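Below sits a lone chain in C-alpha cells, taken as the form predicted alone.
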C-alpha cells in the first residue's frame, strides 16, 4: 500500500475536524475523496502532507511511518499536493515557476524536462509569460505542474477544477487521466461529482470527519448514507453518470 492514513484524528480545541478516518491508497490508483463542505477533506489532506499535525493516528507512506516528518521531507520523499487557492509565483515566467518548484525539492530539472511538462500542460504558447498573467484555469494547470515537476509518487489535488470554466475542467481532467496512466497515483478532492464518478475508479466519502463510504465509484450513486450527507434523506444522487 503506497499511502495509509490510519485512524487519523485532528482536533482544533474542542472541534474534531477529522474523527478517526482511515484511508488506504494503492500505487497507481485514481481515488476520489468527496464530501460536503466542512466534512474534513482538506484537513485530512493537510495531515497527510504535513501541513497539519495529527492529534491521533499515524500516516504511512511508501512503507515508512511519516507521521512525525516535516512537510518538506514528505515532499522530497514523493508526496506532492495542490491547494484550493492557486499558489503560483506571479512575477516569474511559467518555465521559471517549474524550475523553482523543482529546486525547492532539491532537484535540477533539465531544460528538456521543463519543455515537456509545459507541453503536457497545454501551456506551450505561454511558456515565457508571467504566471500572474495567466487565466485562472491556466494557473490551476500550472499549479499541477509545480506539483509534478519533481516526479512524485502520489499527487493530492484539492479542488483543482473549482471555479474553472467547463472547457478547462475537461482539459484538467484529461491531463490528470494522462498523469495517472503514466504511473502517478492520484487522490482527487473535488465537488464536481460527475467528473469524480467518470474518472475515479474508487471513491471515499467523508462526512463530519468520518469515512462513510469507501468503494467503487459506481456504488456511490446507490448509497443512502452518501445521498443523505449531500442532499438530505428524501433525495438520492443521479442514477446516470455522464459519459
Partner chain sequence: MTDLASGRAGTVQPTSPTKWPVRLAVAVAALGFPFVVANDYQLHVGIFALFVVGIGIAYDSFVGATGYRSFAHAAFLAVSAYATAILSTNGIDVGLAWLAGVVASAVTALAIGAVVLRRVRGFVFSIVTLGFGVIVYVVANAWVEVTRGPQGIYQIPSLSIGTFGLNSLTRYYYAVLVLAMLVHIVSLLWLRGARGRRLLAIRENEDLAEACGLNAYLAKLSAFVFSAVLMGVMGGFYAQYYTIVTPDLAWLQWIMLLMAIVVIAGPGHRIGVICASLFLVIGPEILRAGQSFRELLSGLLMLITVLVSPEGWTPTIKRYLARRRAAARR
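Positions refer to the first chain, counted from 1. Note that the structure is a prediction, hence the values are computed from the model and not measured.
Absent from the display: the form predicted in complex with the partner chain. The rest refers to it.
- Stretch-level contact analysis of 116-124, 133-141, 162-170, 96-104 against the partner chain in the predicted complex, using heavy atoms and a 4.5 Å limit, identifies 96-104.
- The partner chain in the predicted complex comes within 4.5 Å of no heavy atom belonging to residue 111.
- Contact annotation for residue 75: at least one heavy atom lies within 4.5 Å of the partner chain in the predicted complex.
- A residue is said to contact a partner when one of its heavy atoms sits within 4.5 Å of a partner heavy atom; residue 156 fails this definition for the partner chain in the predicted complex, lying far away.
- Although the partner chain is not shown here, in the predicted complex the stretch 52-91 places heavy atoms of 71, 72, 75, 76, 83, 87, 88, 89, 90, 91 within 4.5 Å of it, in sequence order.
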